[in-house]
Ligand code: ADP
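Here's a solo chain for you in C-alpha cells, the form predicted on its own.
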C-alpha cells in the first residue's frame, strides 16, 4: 500500500507493484514505462463492455460476450497437445470452454463442476456448438467480471487482464497529493483535484473526452510544470552577475555603414535587444528566431563585433564546416583587418590547430568560428564574452544550460534558428530563454515563385532547367530517398542523378546522407564555385549555407514532406538578386492534406504562418526537427488543441514571477512531470 501523503510512491520502481515481477517490469520498460507514474499515461484506447450477460441461445459468434454458466463435465485427453475441454450449460443451451496448454488442476480450480460461474470472452463456433477458447475473464463472483474492461495498446507478453489489474492497483493506491494550484486556476477546471482527475481519466466511459475538466486539468499540469522548470532556469541565469560590456556605438555604426544593404526594422530592434543584454550586469540567454533569409547572421556578427570591442572574445558555432567557413569568410570581409579572426576546421592540420588553440588561450584571437568542436574540453578561451550558436534547434534545455555554464559568468549566449516555430511550441521549447524574432525580410529579397507540377510533366521541367542553365543559373533537385525502395514509391536521388547526368553530362553532382563528410564539403564548395550546374540531393541541404547563384529548386514527391520542411528547402534559393523558382512535383491522387500543404506553400513565403498551418495539419511532435529536439514529449497536452491552456500557463508563470511567489509547493508537480534537476534547489 502506498504512503498516502507521499508522491515518491508514484516515482518508485514498477517492482513495488503487487504481481509485477522482473519479466513484466522488463516488458513495460521496453515501452518506456520506467516507474509507476509512467503507467498512468498509457491510456485505454477502447473498452470491452462485459457488464451485460447473455443467454447461450442468444450468443453472437465473433463478439465478446458475458454468460452465467454451470460446468457439468470435464474432458482431459491423455494424448499430448490435445486441448482440455469443459462442457457447460445454462437453461437455454450448451457451450464448451477449451483450454490449450493448461494443467488439469488449474481447469478444475477455475471451473468447478456444479457451481455458477460468470465467464466472458470472444464467442466461437465449432462442430455445431458454441465455444470459448482460453477464457481470461471468469469468476464465481460476477461483480469482478460484469464491468467495462479497458483495452490498452499492450506490450507483447502482458495480457489485457493483467494490465487492467496493474492499473487498477495504482489507482486504488494513489497517494493524496496536496494541491499546488491557486484557487483561480482550479476554478477554471471546476475545482477537480489531481487524484480525482486521474481516476476520471481511466474510466472507460471517459475515453476520448479531451474537453472535459479532468483531461484539461491534467494537460494543464503538464504544460505548467514545463513552464515552471523553464522559469526557474531563467531566474537562475538572471541571478548570475557578470561584468557589463561597454559598447562602442561609433564602431557599430561604421560596420553598419559598410553594408551593401540597409538593416530592416526587425534587425535593428533585435540588435538593440541583444546590445541591452550585453551591456547589462545580467547574463544574456537569448534565442534569435528568424525566417529563412531574414538576416540573422549579420545581427549576430555585429553583436560579436560589439563584444570584442569591449575587451572580450567571441565564438561562433555552426552545424556544418562549410557554413562555419562561410560565416568566417563573411566576417573577414566585414571587419577591419586588425580584428583577429580564426577558423577551427576538421581539415586543419594538427600543427595549425594546435597553434590556433594556443592563440585562443593567450587572447590573441578575437573571434573563433567552427563546428561543435570549438566547445571541446581541450579548447580554452582567455576571456570568452559571447557564444553564438547557429541552427542549433536540436539543443535541449539541459544542453543549453551546460553550454551557458561552460562559458563562465561573463559569457553571454545567443542561439539562432531559421526554423520558424509556432508560438505554443516556442513557449515549450525555449521558455528558459529570452526571445527575439525577425519576421521582416530585406527589401532586396524577392518572394520565391512556387509552382506545383505533376511528375508526368517532367519534360516541361527539364525544358525549364535547360533555359535556366543557359542563363547561367544553378539548380537544386531534391529527392526523398537515397536509393530505390520496393516498399515506397518515392524517387531516389541516385536514380535521378543517373537520369539527369545523361541529359546534362558533366553538369550534375550527387549529395546524400551516405556521402563521406569530406566529399560532401568538396561537392558543396564546388557547387558554390559554380563548377557544375545541378546538385541532386536528399534533404540534407535544407539547413545552412547561401548559394547566391542557385535560383531554382525542384522538390520531388513534395506531398511526402511537411510544410515547414518544404519551406526550409525552398529557402535554399532566392539568396541572390535574381528571381527564384520552387517547383513542387507530385503524383496524381493527392490526399486532401497534401493538397492543403501545397496550396499554402504556393500562396505564402511567411515561415511563421506556414509553421502554424503545418502544426494544424500534422499535429504536435511531427514538425520539422522537433523529433530530435529534446522537446518535452507531452502525454496529454497538444499545442494545437490546447493553445488556450498554454496561454493560461504562461500568464500564471508571469504572475508567479512578478509576485516572487515561493514555489516550494510545486515540488511534487515538477518532480512528477519534469523531473528537472532545478528542483533540487527547492526546499
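Note that the structure is predicted; figures quoted are calculated from it, not measured. Numbering follows the first chain given and starts at 1.
Only in words, not in the display: the form predicted together with this ligand, which the text now covers.
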Among 142, 280, 248, 444, which has at least one heavy atom within 4.5 Å of this ligand in the predicted bound form?
444
Ok, 424, 551, 307, 297: which has a heavy atom sitting within 4.5 Å of this ligand in the predicted bound form?
297
Residue contact check: residue 261 to this ligand in the predicted bound form, 4.5 Å heavy atom:
yes
Using a 4.5 Å heavy atom cut-off, state whether residue 291 contacts this ligand in the predicted bound form.
yes
With the partner left out of view, is residue 519 within 4.5 angstroms of this ligand in the predicted bound form by any non-hydrogen atom?
no
Does at least one non-hydrogen atom of residue 267 fall within 4.5 angstroms of this ligand in the predicted bound form?
yes
The stretch from 125-133, 297-305, 109-117, 232-240 that lies within 4.5 Å of this ligand in the predicted bound form, judged by heavy atoms, is 297-305
